[in-house]
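Before any questions on binding or motion, here is one chain by itself as structure tokens, the form predicted on its own.
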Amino acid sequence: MKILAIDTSCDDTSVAVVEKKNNQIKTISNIVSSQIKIHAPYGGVYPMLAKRAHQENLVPTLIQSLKKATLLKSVSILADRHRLTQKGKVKELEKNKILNKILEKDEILLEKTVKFLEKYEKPKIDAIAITNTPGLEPCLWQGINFAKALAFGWNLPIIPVNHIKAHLSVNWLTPVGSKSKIKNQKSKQIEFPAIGLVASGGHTELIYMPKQGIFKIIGSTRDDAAGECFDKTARILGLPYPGGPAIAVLAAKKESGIKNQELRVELPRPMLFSNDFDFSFSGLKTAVLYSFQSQKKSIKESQNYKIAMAKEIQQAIIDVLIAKTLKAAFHFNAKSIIAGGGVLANQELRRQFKIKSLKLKIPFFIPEKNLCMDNASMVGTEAIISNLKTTNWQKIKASGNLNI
């Protein structure tokens, strides 16, 4: 079974081909087109710029993905000749009318999609999986409309996928070149009940999974997500976007020279001891702002101060994420902890999570760093692993805030 998967939930355009074979799920290709350079001047994602970039990037990304999967094949000479016949012209005209209707609000994407469908044959795939929720709606619609056009043009079923579930389900993907299901867990299997943590730029949620395919949110952020907190605090310190990687790089450095007592930084761990599984990171952001504003200009510009602040910001977020997750694991007698989302690409978070879960003898599962970020491979994996049903392409809609 081969699935073409598409994700445009935020600022990355991604297309992948995922295959289930011999009871294993593997990625044949997973192409991601980043928009970081576009949004960096704004310090965050600008939805309408992201939407336009998706229109430009979807077809080229699809071509790269199909080519890497050896599924890209030009239309045959016979098919070209048929299109030139009177019958072929009528059929082509009717087809283009429907494509125009599907992509009527996306002129750039319409032109590129029509040319693509005319130039290349239908690939040997069984279905198309598309992220339809949650995310930025202008971005989601680009991927959805593109998937609809392909589903119509190729006469294929379409599968809507929840982005949050996909961040966890990617843990069942067999890493390339590995015989085990989870590379960093060797031959261990994910057992249930399990606790899932999704931490990204837009989401911080704890999820109870009594068994495969069943997701119940038990905790979420009341304000800023963990990734959003990284971005906002990085901006305060004058660091580039995206903030998470920038803070991680600075936090890995050592202070130089004699440490000034004024450079000591202590930040709160919001809701660390609350009697629930919710998160809150806006207070941490505010504490960073007040600390920064209270410093002398010479301190603010000090590299040592920024290093100390970066270390403390990173550790505060790590402390809260790990403590809340382990608390949930104990409460629900979890046999596994599953993690996903862009924040989980943070090397120090991964390291401390593995150490603490090992001490508590709770297996910890996490995807490779590139699969923590938004990507289409996780969308295809979720479609397969949860046995999701196909939907009439005409009925699929985007929903920016739909819960799992």
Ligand code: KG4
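Treat the numbers as computed from the prediction; the structure is a model and nothing was measured. Note that residue numbering follows the sequence shown and begins at 1.
Below, we turn to the form predicted together with the ligand, even though it does not appear here.
- The ligand is not drawn, but in the predicted complex it has a heavy atom within 4.5 Å of Ser200.
- The closest non-hydrogen atom of Ser377 lies beyond 4.5 Å of the ligand in the predicted complex.
- In the predicted complex, the ligand sits beyond 4.5 Å of every heavy atom of Pro367.
- Put simply, Ile31 is far from the ligand in the predicted complex: not one heavy atom of it is within 4.5 Å.
- With the partner omitted here, the stretch from 226 to 234, 67 to 75, 117 to 125, 96 to 104 that lies within 4.5 Å of the ligand by heavy atoms in the predicted complex is 226 to 234.
- Highlighted residues Pro242, Gly342 and Cys372: every one comes within 4.5 Å of the ligand in the predicted complex, counting any heavy atom.
- For the residues Ile217, Ala248, Leu289, Ile214, the 4.5 Å heavy atom test against the ligand in the predicted complex is passed only by Ala248.
- Along 138 to 174, these residues reach a heavy atom to within 4.5 Å of the ligand in the predicted complex: His163, His167.
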